[in-house]
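A lone chain, given as C-alpha cells: the form predicted alone.
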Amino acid sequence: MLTLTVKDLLLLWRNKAALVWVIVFPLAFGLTYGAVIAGNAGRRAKLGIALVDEDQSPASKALAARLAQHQSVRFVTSLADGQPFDGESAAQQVRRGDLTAYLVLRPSFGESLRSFGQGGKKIELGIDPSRQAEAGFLQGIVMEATFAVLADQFTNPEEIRKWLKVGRQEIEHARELTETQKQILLEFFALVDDLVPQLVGDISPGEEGPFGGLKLDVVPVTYDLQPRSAFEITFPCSILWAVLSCMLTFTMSIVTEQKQGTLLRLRVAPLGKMHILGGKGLACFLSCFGTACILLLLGVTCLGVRVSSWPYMLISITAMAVCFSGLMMLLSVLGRTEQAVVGSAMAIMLVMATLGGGLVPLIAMPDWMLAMSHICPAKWGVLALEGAIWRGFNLAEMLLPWGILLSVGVLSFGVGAWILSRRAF
C-alpha cells in the first residue's frame, strides 16, 4: 500500500499542470483576495441617495446636512451633466441601479414638523423593493435625523416663537372656541413667548436634551482573538481550494487508471483490494495534508498569519484531509467515463466552494443558501481552520466541525470503495 501511495504522489509531482491547481492557484487566490480585503480595510460602503429638496426651508436644509454627515450615506444632488434631480430623474437613477434610493422633501416639510406630521406626508423615500435590508436601514437613518432636527428646534428661540405663532393663528381661527377661551389661550401663549429665553436656557441640546433618551447603543460583536491581517481571513479559503484541487486530481486519476486497465493489472498482482484502494486514499490524504501545511507555513512565515493553537490546527487539517480523501473515492464512482466523472466532480467542487464560503462570503448569502451551507463539508472545514487561527475556539467548539469532517470522510470512502471494488474487480 505504501508503494502504491508513493507511486501516486510521484505521478502528482510529475504532473506540473496539476501542481499549479494544487499549490499555485490556492496561493494566488489567498494573496489576491487578502490584498483586496486589506486594501479596503477601514472603508465602509456608503449607500448612494439622490436628494430632491422641494421645500428649501431651513428645516429641510438642516435635515439634508445631518444625513450628509452620516458615515453610511452618500448624497447625490445632481445628475452627471450637473442638472439637479427631480422626482422622476431620481427614481430613474434608482431603477437603473445607479443609486440605492432617493429622498424627496415635499413643500412645507418644515411647517409639517411644527404640527408633528399632521400636514400630510412630506417625506418620500424611494427604494428598490428587492433591497429590503437597505430600506429598513435608511428609514432608521432618516427618522433619526428628523428627530435630531426637531430637537434642535426645541432649543432655538426663533423656532419656538414660530411654533407659538402658528398656535396663535390656529386659536384665532378655531370655531369651536369661545371668545373668552381664545383670549385666555392667547394670553397664555404671550406669556410663554416672553419666557422663551429662560425656557430654552434650561434645555440642554446634548445627551440630556428632549430626545436624549432616543439613542441607540451599538455594541460590536468581538472575538477573543481579532484577525491581525486580511490574510488570516483568506488563508482558510486558500487551504480549502488546495484540498479541493487535490480531491479532483485523484478523482481523475482513479477513472484514468480504471479506463486504462491499471487497476485490473494491480488486481492480478498478489495484492488485496484494500491495499489498492488504501494506497490511493492514503496518497490523496497525504497530498491534501501536505499542500495545506505548505500554504499555512507560507502564510505564517511570509504574511504574518497567526495560529492561536497549533494542535487544533493540525487536527483541523487532518480532519479536512480525511473528509476530502473520502469524498474523492465517492466522486470517482459517479460515472464510468472520464468526461462524466470530471464534469460531475467539477460541478460538486464548485458547489462546495460556493456554499463553504470559498466564492460567496457567508455574510452575503441569502437565508436559504446559508441554511444549505450547514450540510456542506467545506463550510465546516473553513470553520475549523478559522477556529484554530483567529476565532479562538475551545475544545468543545472544535469538536463539532471535526466530527462532521471525519464522519463524512469515513462514510464517503466506505461507500465509494465498495462501489469501485465491485466495478473494477
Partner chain sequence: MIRARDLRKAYAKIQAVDGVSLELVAGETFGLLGPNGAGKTTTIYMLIGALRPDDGEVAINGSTDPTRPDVRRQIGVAPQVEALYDELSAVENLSFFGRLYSLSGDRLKQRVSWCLGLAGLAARAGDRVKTYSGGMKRRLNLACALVHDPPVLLLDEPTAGVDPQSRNHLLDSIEELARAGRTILYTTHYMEEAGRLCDRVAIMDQGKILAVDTVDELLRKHGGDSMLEAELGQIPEGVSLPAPLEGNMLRFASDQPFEDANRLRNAGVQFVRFHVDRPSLESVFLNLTGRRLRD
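Residue numbers count along the first chain shown, from 1. Only a predicted model underlies this, so the values are computations on that prediction, with no experimental measurement involved.
What comes next is about the form predicted together with its partner chain, which is not displayed.
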Counting only non-hydrogen atoms and a 4.5 Å threshold, tell me whether 232, 391 and 395 all contact its partner chain in the predicted complex.
no
Within 4.5 Å, heavy atoms only: does residue 84 come near its partner chain in the predicted complex?
no
Is it the case that residue 261, even though its partner is missing from this view, gets within 4.5 Å of its partner chain in the predicted complex, heavy atoms only?
yes
Is residue 267 a contact residue for its partner chain in the predicted complex, using a 4.5 Å heavy atom cut-off?
yes
Just checking whether residue 406 would be counted as a contact of its partner chain in the predicted complex - the rule being heavy atoms within 4.5 angstroms.
no
Of the candidate stretches 397-405, 21-29, 6-14, 411-419, the one with residues having heavy atoms within 4.5 Å of its partner chain in the predicted complex is 6-14
As a check of understanding, the residue in 334, 271, 135, 315 with any heavy atom within 4.5 Å of its partner chain in the predicted complex should be identified as 271
Go through 370-385 residue by residue and record those having a heavy atom within 4.5 Å of its partner chain in the predicted complex; state none if no residue qualifies.
none
